[in-house]
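Next comes just one chain, in structure tokens: the form predicted on its own.
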């Protein structure tokens, strides 16, 4: 079985560089290799949907990689969850069964393209970069834990992978584990549901505590998950007491994560907290220039200037728009991307931002972000936990939608236009001096735009 796992790790490494991070996390990493049977590699998918999407989107790529790393295997069979029990009951050789999902080689979790060298440093992220670099050079010795927060698509995940890749290169004996908080939660749930709970719980704890560096992406997703927070609290303590490095990212500062237990907030604030802001124009332009250089794109320089000026949401949108320009240029057979393709790409981008965007949709996203009930947000409660999100919501609506102030007020329990103006102006003024508030607003706007 060890031989199967070793070769499967190589397949995972290949696939992590061939598919998107989302596809890898959902459809590839969740696969469970069971046995080689008659030149077929038997795999279990975590859900029927994951199985169907895998076969639809990535079967050929996966099969090609499997053939490269498994001798005499020329077919893959993916079984759905309700087929698992019957199949396992039919297997006679118990030693070939993976009863508890093994810990995968940590280096397969890291994207080799995400390094410190490929990270463009500017005013918006220079302190995060310096802190991350210091942690990578002295893991467990300085800034532990390191907590990085900021909006969607600003480079938090890139920084985590850069730390991991640096340590892997310079301290190859160190055990590194990078996961999202969603994966941590799913692993914990699977351990609780396992038939042999004692073995499963041990495997789970070994996976997360027998490491030198633990990196958790998007920790905010364990909010409201009491049992998961409890388990993470003990994991954190075990690692911290042994001087093992912990790096965490989130979309907001710990003090603003109200659904997170106070003892976890306290642990997070015990180290170094750094925020990562939206890149300024100069940094956006440098990011585009770096992308063009890395990918060897042929693009007019004024295209990069145009994109850097127009797209100030986040790096993901910025690079996505550049890719759109390159694709349009390629489709019409033009050797060099020009302003014509850039204007067309921006037209689609601006249209996509407005599509299906309504006052109700923005209210729903704000409620989810701040973990408040809709009836409270649009109602008359005046406690700070509701009033601040309410004012932010009104501000964001005025920023993103061209609707009358009276219409906005009606959505908030019949408030008049002066109440909306007061909320809008108060948030706008506070953002000038309150970086945490600015981060929340910027993140919300990015989430709303990416949701459409």
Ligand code: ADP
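Residue numbers count along the first chain shown, from 1. Note that the structure is predicted; figures quoted are calculated from it, not measured.
Here the subject shifts to the form predicted together with the ligand, a form of this protein not shown in this document.
**Q** Taking the pose of the ligand in the model of the complex and superimposing the surrounding C-alphas onto this chain, would you call the site open or blocked (blocked if 3 or more ligand atoms come within 2.4 Å of backbone or C-beta atoms)?
**A** After C-alpha superposition the pocket is open.
**Q** Answer yes if any heavy atom of residue 119 is within 4.5 Å of a heavy atom of the ligand in the model of the complex; otherwise answer no.
**A** So residue 119 counts as contacting the ligand.
**Q** Heavy atoms within 4.5 Å of the ligand in the model of the complex: does residue 319 have any?
**A** Looking in the model of the complex, residue contacts with the ligand include residue 319, since a heavy atom lies within 4.5 Å.
**Q** Heavy atom to heavy atom, is residue 157 within 4.5 Å of the ligand in the model of the complex?
**A** Yes, residue 157 is a contact residue.
**Q** Please check if residue 145 has a heavy atom lying within 4.5 Å of any heavy atom of the ligand in the model of the complex.
**A** Close contact is absent here: in the model of the complex, residue 145 is far from the ligand, nothing within 4.5 Å, heavy atoms only.
**Q** Between the options 315, 363, 167, 304, which residue brings a heavy atom to within 4.5 Å of the ligand in the model of the complex?
**A** Only one listed residue qualifies here, and that residue is 315.
**Q** Among 110, 152, 246, 299, which has at least one heavy atom within 4.5 Å of the ligand in the model of the complex?
**A** So the residue touching the ligand in the model of the complex, by this definition, is 152.
**Q** I need the one stretch from 157 to 165, 304 to 312, 262 to 270, 332 to 340 whose residues put non-hydrogen atoms within 4.5 angstroms of the ligand in the model of the complex.
**A** Flagged stretch: 157 to 165.
**Q** Relative to the ligand in the model of the complex, which residues of 271 to 295 have a heavy atom no more than 4.5 Å away?
**A** Heavy-atom contacts to the ligand in the model of the complex: only 287.
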